[in-house]
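In structure tokens, one chain follows: the form predicted on its own.
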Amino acid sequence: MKTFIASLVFALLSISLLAQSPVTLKLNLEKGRVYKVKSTSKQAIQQTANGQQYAIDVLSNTVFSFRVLKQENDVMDISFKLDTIASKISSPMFSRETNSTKPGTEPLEKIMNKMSTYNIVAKISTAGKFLQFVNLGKYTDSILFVLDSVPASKRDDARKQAIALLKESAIKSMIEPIFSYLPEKPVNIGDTWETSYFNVSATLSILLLNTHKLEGIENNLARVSGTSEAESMPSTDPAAKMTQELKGTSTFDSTIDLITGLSIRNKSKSHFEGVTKMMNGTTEMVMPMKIDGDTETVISK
């Protein structure tokens, strides 16, 4: 009986010590294996213009695939392909759908189609830090070639759209959030850590400050919760005819696979408030707006 009790105490003590052991969260990806990222986002926008309030619904679906080409020490060369970038905008004033898998007829559609045709390679550390692009120049040149098929009357505007979409910060913000959740050192259950990154689009740059908390570990899966504080940065383009000023917060829950270090599922809810500013000649129109969003991202192999 004494032997049984001693064994039980030892077992419970071992479990307790194991639960308190720090865990290292880092990327451990298999070379050549294709990983797929699927992200679905729903946004409900309330826009006020000339005293009239409008409701705009936006549904976005993005599919990435990536694979490790090589790894030296703690730095990986990862090839990314933007398989699908699709969106549907619905409002009382207009509706529009775009899908990068179709060449389309408009310059923007042609550019997005080419973006989903070629691969871009980036150096990512096993700690999830974006370091640099390897072939950014070749990637953008391949896409800009499509402008030759755009009518001359639309080519200048198309080039401006392409440059805005293909600037380094915009492409980086498509890739960086996939890995930017890892802590810099081992963590225990209950520990918190912070990360940050910019989310850049053609007309908007948002700084996100994220706080993560390790909630628990079970079956090689880590449960992480957190919050994000987000605020748009002032536009540096003096010629911009439209700018947006937004500020908001979001909450998220994610599941991290301890074997690969990937966040295999992440769900978030966000709320933003701010204004859209548009120049009409010398007159500036200021339109208040609110955005409520739900996003789910899943990574599979």
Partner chain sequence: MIRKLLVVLMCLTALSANARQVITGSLTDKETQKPVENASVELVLLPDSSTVELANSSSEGLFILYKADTTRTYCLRVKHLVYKTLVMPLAKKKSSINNVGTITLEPNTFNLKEIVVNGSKVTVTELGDRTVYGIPDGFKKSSSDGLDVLRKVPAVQVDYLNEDITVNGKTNIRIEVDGVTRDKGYLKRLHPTQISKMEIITSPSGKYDADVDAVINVITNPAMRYGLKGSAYAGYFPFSTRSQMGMMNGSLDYGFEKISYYISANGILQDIGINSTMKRVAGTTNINQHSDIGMKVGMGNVNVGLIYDPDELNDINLNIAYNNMSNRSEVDAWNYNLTNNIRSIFRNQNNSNNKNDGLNTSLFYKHKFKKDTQHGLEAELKYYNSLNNNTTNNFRNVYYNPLDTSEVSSGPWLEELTNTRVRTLSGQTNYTLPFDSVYFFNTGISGNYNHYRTDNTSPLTQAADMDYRDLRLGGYAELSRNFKKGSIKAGSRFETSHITINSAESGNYFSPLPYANATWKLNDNHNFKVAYSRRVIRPSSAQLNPFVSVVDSQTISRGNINLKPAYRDNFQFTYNLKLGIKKVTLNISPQLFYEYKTGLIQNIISRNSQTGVFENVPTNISNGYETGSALSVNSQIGKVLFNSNFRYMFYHIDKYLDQINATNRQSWNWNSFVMFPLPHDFQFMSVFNFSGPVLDGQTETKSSPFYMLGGGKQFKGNHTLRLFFFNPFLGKFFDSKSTIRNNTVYQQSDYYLKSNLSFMLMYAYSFKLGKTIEKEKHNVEQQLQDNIIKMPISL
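Numbering follows the first chain given and starts at 1. Since the model is a prediction, treat every value here as computed from it, not as a measurement.
The protein also exists as the form predicted in complex with the partner chain; that form is not presented, and the subsequent description refers to it.
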Is the partner chain close enough to K167, E176 and E194 in the predicted bound form that each of the three has a heavy atom within 4.5 Å of it? yes
Since exactly one of D141, D157, E184, E215 fits, which has a heavy atom within 4.5 Å of the partner chain in the predicted bound form? E184
Here the chain is shown alone; which of L204, L209, L108, V134 has a heavy atom within 4.5 Å of the partner chain in the predicted bound form? L209
Although the partner isn't part of this model, could you tell me whether D74 comes within 4.5 Å of the partner chain in the predicted bound form, counting any heavy atom of the residue? no
Determine whether any heavy atom of Q244 comes within 4.5 Å of a heavy atom of the partner chain in the predicted bound form, and answer yes or no. no
Even though the partner isn't displayed, in the predicted bound form is D83 close enough to the partner chain, meaning a heavy atom within 4.5 Å? no
At 4.5 Å between heavy atoms, is F198 in contact with the partner chain in the predicted bound form? yes
Which of these stretches, 148-156, 75-83, 224-232, 116-124, has heavy atoms within 4.5 Å of the partner chain in the predicted bound form? 224-232
